[in-house]
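In structure tokens, one chain follows: the form predicted alone.
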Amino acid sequence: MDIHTNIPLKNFTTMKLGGNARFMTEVHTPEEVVAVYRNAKAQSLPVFILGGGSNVIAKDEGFAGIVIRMRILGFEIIADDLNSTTIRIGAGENWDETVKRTVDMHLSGIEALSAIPGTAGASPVQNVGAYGQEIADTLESLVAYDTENDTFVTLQKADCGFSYRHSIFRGNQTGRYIITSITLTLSKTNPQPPFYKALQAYFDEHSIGIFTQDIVRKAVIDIRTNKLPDPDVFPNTGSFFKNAIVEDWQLDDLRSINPDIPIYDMGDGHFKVPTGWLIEQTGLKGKVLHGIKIHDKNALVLINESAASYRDLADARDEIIGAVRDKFKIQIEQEPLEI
């Protein structure tokens, strides 16, 4: 296991910004995770776990500790019956390749999560979701190194505190657990309507009335390709902002400002408002702020067009947040984590 020094984080994150990591290494087994973490702890070095770098923003000052790049592989069927298949997946597996493997096996449950960059182990951290599916729907459990107790633990879905784009791993237990594998239970039945609105619109537009896992996957990839820029060509982190969640008492005020505001009932008196729509209403869609472009096809996406620093990105982000707050009295939130 090699440990490298003074590594530019911009080379390992899709926004292509940020300073250097003091140390960086790759881990390929759970045992290597323990060895690196214990060594870092002995030297009082902070630790950051990095997957694909697609949902991480690096600051200009860099990281004074050690960045561990998660590369633990594995794809193992551990249970199979008439209705479902349960699979254990290494945390370092490429997420989209994992989705493709399950679709090729004619399994349902994560096909709408196609073309999301990153690693399998990162998927529970923000409860990855898209087009009506989220990882919490299929996750049975995960194995993680508990840095607080210096032992491996198995956490069940109920232990993870899943909510919209959130979990304990980016909440009150941030930094405690290093996920080494996830276990998903997927269905053997074909996807069935009702589908997410954008997905159903695609099916209607293309006169698709028969649904398989592969058909859903291809539709999602087509939709994402047309609305999300390729991070290898246009540096970005995908959706930079979470969709806004409002309570029922806010609806009347919002509808009085914009009667056509799109709102999705999430139950329990909470409603989702598309943040891309909110940003578009401020007139910022397609604009460039501090070298950061608000994507002209999807205002949730920020593209690093000519920004030279994290500070440029932060200034653009804060202007967008302020514009939405001033117009709608809604405080939108950044989705990517920061190192």
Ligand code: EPU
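Quick caveat, the model's predicted, so the values are computed rather than measured. The numbering used is simple: start at 1 and walk along the sequence shown.
Just so you know, the form predicted in complex with the ligand exists too; it's not on screen, but the next bit is about it.
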query: Sole residue of 239, 98, 138, 181 within 4.5 Å of the ligand in the predicted bound form, by heavy atom; finding: 239
query: Contact residue in the predicted bound form, from 291, 274, 46, 30 (heavy atom within 4.5 Å of the ligand); finding: 274
query: Segment that reaches the ligand in the predicted bound form - one of 142-150, 126-134, 71-79, 102-110, heavy atoms within 4.5 Å; finding: 126-134
query: Non-hydrogen atom contact residue 185 with the ligand in the predicted bound form at 4.5 angstroms; finding: no
query: Close approach of residue 243 to the ligand in the predicted bound form, 4.5 Å, heavy atom; finding: yes
query: The ligand contact at residue 59 in the predicted bound form, heavy atom, 4.5 Å; finding: no
query: Any non-hydrogen atom of residue 280 within 4.5 angstroms of the ligand in the predicted bound form; finding: yes
query: Check all three, 227, 264 and 300, heavy atom within 4.5 Å of the ligand in the predicted bound form; finding: yes
query: Residues within stretch 142-166 having a non-hydrogen atom within 4.5 Å of the ligand in the predicted bound form; finding: 164, 165
